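Structure 1 and structure 2 below are the same protein chain in two forms, each given by itself as structure tokens.
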Structure 1
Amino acid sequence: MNRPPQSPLVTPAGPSACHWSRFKFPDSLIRYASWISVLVFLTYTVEYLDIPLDRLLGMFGRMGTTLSTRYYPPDIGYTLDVGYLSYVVDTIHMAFLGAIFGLIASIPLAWFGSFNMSPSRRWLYPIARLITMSCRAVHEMIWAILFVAILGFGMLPGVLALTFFCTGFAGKLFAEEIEAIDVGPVEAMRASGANQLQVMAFGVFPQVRVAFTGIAIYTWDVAFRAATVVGFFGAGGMGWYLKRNILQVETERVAAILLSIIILVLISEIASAWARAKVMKMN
């Protein structure tokens, strides 16, 4: 590279200035050690999981041809069938109920499970946290399978699975929101002699109302996405259709169903973005 000459500086720097290195002894050692251990771990992971790195590129080529020959063109007519559409409506019902019930359950859980506002830090707080965390940690598919095993096939286990899922999802976000509030109004309420519930209603709720509404709308979004697949193991909705067609290798129908899911999710996302923007403006 051509580096033009630089202008000389007038005063030469002292000897202290001549020794600078980006790498200071303990810090850089720790940094390098951690980078190397991460790399070693990742290499070992690839090894352990038996991932065929050499065949990887070829796989992507094959994936492209599979997509273009077998999944295209999507069988749109199939998704316009009344039977399928009624399943779509069912899915929406399930997602709606799951989200509503989950939100209702998560509000008290968030209250009890927020460190600053919990009525009892010793008992209610850990219990509420535990419930929220378990609801969140267990995947919605596992909830669905469990409820199907208990209640049999149908939409009821799907709704319950989504309810648990949404409880965990919204509960955590709500609690975080409550923990981030300004304590000033809360103290003002306490000072005026309000009881716990009144403090929540007048000191806390006005502060988190907008955020809660946003989270609620977001929860609906997430619930809908989950609702499209809980049917896989018999918990109602369009997941069942998807699974059946995948098992029967009806790839063009699968493509059409996926397309319909994408479109529905897009619509719900646009609607919820609009609703959230509106809520923000109302604030």
Structure 2
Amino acid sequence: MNRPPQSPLVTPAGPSACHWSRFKFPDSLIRYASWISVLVFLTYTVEYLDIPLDRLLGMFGRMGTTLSTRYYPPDIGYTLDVGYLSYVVDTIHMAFLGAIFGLIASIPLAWFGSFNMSPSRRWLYPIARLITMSCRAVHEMIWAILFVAILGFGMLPGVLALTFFCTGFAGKLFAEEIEAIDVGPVEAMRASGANQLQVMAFGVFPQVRVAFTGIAIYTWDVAFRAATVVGFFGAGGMGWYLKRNILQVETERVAAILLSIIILVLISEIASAWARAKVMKMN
């Protein structure tokens, strides 16, 4: 009996089932060498810093004992005092102003710092990137210490510290969103004779409007978290109360202040999530 010839690609397990995958040199060597290097560096770092790993097992027990004997119960009545509540309101104002000023400053920096839309890639682009990177590289606490040393204690150093922080934070995100736009409408507007401002207003902004709104909400959320502690360095707000009670070893009051900060940040997180959900529906 004559049998029809079987295709070489057809096997009992199906077409092209006999496909072997082995080490691919040099990709496999680079991948495994990278993992080994990370493990070696991690081991060396633990040994060099003399981190006692055996003490980590008993850390949580000691932490629970400390919290239960020194920080419990929290003095909730202290956080309901009119003076403390006024500082809570000051913290909200400081976060709001820092976020608003930072967002305003970050918009032109994002425009000049986006490679595809910068009016001058030779001069404005590197300068805008340098300013954004400099604002982001310095921690908001360092900005607070610096401005307190220059301007003295009060809310102004806190607002300036949050402004610089938000400028670097939002400027980078804004610039990345602008660089990811569809350049087709932009090129069409340029071909029709539109200037740079018109291109940004009618060709770029409609594409990044929703993303910008989401970034602005996230910037406010981050600014509020930072505003709760910048006062620890003399920049006003709730952080001043926190520092005073820590120095006075008023542990129950410290626990109440930390609890109030957690509650406020939680409320801000819920409000930010609700606003971001509304913004996503606009897309």
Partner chain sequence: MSSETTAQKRAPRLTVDDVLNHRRRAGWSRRVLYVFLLAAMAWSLNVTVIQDTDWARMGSLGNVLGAAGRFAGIDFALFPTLIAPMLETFMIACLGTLVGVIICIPAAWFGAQNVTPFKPITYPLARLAMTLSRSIHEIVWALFFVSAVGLGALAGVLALAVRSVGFIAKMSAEAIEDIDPGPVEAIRATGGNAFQVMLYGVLPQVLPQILSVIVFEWEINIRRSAVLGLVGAGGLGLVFFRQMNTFNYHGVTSVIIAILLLISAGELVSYYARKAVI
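Take the two forms, find the largest set of C-alpha atoms that superpose within 1.5 Å, and that set is the rigid core. For numbering, take structure 1's sequence and count from 1. It should be emphasised that the depicted structure is a prediction, and the values quoted were computed from it without experimental measurement.
Undergrad: Go through 1 and 2 and tell me the one that is the form predicted in complex with the partner chain.
TA: Pick structure 1; the other is not the form predicted in complex with the partner chain.
Undergrad: May I ask you to confirm whether R136 and M155 belong to one rigid part between structure 1 and structure 2?
TA: Taking the motion between structure 1 and structure 2 as two rigid parts, M155 shares its part with R136.
Undergrad: Report the hinge rotation between structure 1 and structure 2 as a whole number of degrees, treating the chain as two rigid parts and superposing on C-alpha atoms.
TA: After superposing the larger part, the smaller part appears rotated by 15 degrees.
Undergrad: Check the Cα of V46 between structure 1 and structure 2 on a core superposition and give its shift in Å.
TA: V46 is displaced by 2.4 Å at its C-alpha.
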